[in-house]
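Two forms of the same protein chain are encoded below as structure tokens; each is given separately, as structure 1 and structure 2.
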Structure 1
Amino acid sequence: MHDFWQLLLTDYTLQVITLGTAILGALCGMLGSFAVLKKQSLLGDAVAHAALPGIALSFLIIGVKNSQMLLVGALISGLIGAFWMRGIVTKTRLKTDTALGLILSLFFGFGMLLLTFIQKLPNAQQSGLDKYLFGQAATLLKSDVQFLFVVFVAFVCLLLLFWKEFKIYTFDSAYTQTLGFHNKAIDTLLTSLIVVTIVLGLQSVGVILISAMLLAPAAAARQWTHRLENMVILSGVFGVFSAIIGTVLSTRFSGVPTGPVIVIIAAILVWFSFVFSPKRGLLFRQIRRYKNRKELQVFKTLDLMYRIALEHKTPHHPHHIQILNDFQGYSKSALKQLEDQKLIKIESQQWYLTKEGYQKAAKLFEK
């Protein structure tokens, strides 16, 4: 672990590429929040897979491995894929999942075909195109990172500027339209931001796993907060975190692609959040449920004792414990708890309600 940070602090190349993936993580996390809330998480998957033939074709056309030009190709074919998918959903009776599966596999298959073809070409430049499948952060150049940074600043500004519009559109699009906003404009803007982010992520995370980078941080962040602004920020932080750890880990073992490592780190975050978040986490929910049940059981027992005691003229008249056996739903631990709370007293198998016990029991079902 010590080596890990040492490496990050001293190795300049590593710093550059880690900064690149961290920016990407932040972008994915923030925009992923909207994709998740809009229930469009799989759109990212379709766009990413649809980008592959674009990468291959633009390499075939320009003949050199210029990452910017390849990304333009990726963007174009990604967009074609996304709009084709939407077209299928609106024009035919096919549902989104089917359309998505069709587009995703068609484009990806075509992309793989082109990649195989390219690999047989006598062009020294061709090696490394397959890195776009699972991503290789090490291929990020300083200029790539600078470009990522510019995009990041621009996108954050757009998010701040159109925050209100994105928020209301994501929550209730029909209502948004009645207020006079152009839903098409908001949707186009938001979708474009997401698509550009995906395309930028292809180099370091790869076409196959980039959608996980969009969803995982957002899903994790949703567990910790009930406010959209917090969710977007936290999701961005989670994205940065998984990107940094994933990048450094993957560069330490040569030949390990970056995408899978980043995604695994993000998945661990998701798992952790689903189990341990205090508000929505499984663990605390289970604990709360258990405590509630216990508490109700104790109150139920107290109520029972109260009703028995009421039948006597003297309120603190002792009763034998066995009397309680005739009723369901009391336990030794409940008795013990009541005794600990000084609500009842137990002396030699006889119990009676204390004054506090009386007061508590009388008010038990009042709100």
Structure 2
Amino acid sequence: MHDFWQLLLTDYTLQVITLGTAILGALCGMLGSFAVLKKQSLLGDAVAHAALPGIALSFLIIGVKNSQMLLVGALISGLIGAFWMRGIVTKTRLKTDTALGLILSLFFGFGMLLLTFIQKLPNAQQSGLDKYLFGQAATLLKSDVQFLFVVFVAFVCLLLLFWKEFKIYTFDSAYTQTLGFHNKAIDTLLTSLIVVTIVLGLQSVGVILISAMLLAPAAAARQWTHRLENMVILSGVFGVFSAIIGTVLSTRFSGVPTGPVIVIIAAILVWFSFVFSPKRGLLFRQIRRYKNRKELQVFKTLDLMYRIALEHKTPHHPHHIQILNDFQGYSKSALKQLEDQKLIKIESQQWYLTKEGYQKAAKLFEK
């Protein structure tokens, strides 16, 4: 761990790359929360694949690899894909998942066709477009990080400015319209922010993996909270954590690409959240079920004892423990809990209801 942090604090190139991926992780995490809650998890995947033909066409037009122009092409193509998908959903009877699948396969197929064509050109060697498939964070420059930071600040300001609209629209778009808000404008703005974030991440993470950066932090954060503001913040933190750890780990092991390592760290966070989150985690859910079964067993045992006690004139009449043997819910631990709660008294292999136990049973089980 000492070497880990020393490398991060002393290597300037690593600092630039790490800061860039951390900003990207924060952006993806925050905006991914809205995509997850709107049940549009494939949106990031579709937009990322839709951006590929834009990158290829930009290279064909300008003839050289210019990162800024390639990203402009990716942005235009991604926006066309995103809003084309919206049009399919609103103008036809097709569902969102079908439209996403159509856009994803159509644009990605066209993009791969263009890449194949570019490989046969004389200047194909300088294209380097294959890097946009899987990403290459090492190509991030200081100017790229500065631009990412400006975009991050601008997007945070937009989220704060339109927070109320985004929040209501995410959970109930129909109610948003009744309040007088323009649903189409809100959806266009939110989708545009997500598309821009995805395009900015293509250089670092690539077309194939950027959707995981968008969804994994949000999926992990969803397990820890029920409030949107907490989820957005926590998702951003998870995105930053995944980016920093993934970037440094990929640097420590030469030849390991940064994007896949970041995604693996994010996936580990999702797994950890699914298992260990107190409210939704599988582990605590099983613990709660176990406790509920134990409590139910205790209540069933108390109910049986109460029914037996009603058959006698004296509710505190002693009974032999063997009378409970045929009862399916009976267990020694249930008796022990009832005795600890002072609801029953056990003496010489005989039990009887205490005054407190009889009153509680009458209150619980009498109609």
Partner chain sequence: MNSTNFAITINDLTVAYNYKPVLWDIDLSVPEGVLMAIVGPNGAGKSTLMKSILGIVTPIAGKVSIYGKSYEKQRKLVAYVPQKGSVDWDFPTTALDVVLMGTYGQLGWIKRPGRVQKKAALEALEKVGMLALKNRQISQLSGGQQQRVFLARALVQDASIFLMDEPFQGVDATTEKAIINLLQELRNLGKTVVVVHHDLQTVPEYFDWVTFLNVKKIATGPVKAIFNDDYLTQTYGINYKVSIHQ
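Heads up, when I say rigid core I mean the largest set of C-alphas that superpose within 1.5 Å between the two forms. Note that the structure is a prediction, hence the values are computed from the model and not measured. Along the sequence of structure 1, residues get numbers from 1 upward.
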property	result
Structure, 1 versus 2, that is the form predicted alone	2
After fitting the core, Phe274 CA displacement of 2 Å or more between structure 1 and structure 2	no
Threshold 2 Å Cα movement between structure 1 and structure 2 for Lys300, core superposed	yes
Core superposition between structure 1 and structure 2, C-alpha change of Arg222 at least 2 Å	no
Once the two forms are fitted on their core, CA shift of Phe117 between structure 1 and structure 2 in Å	3.2
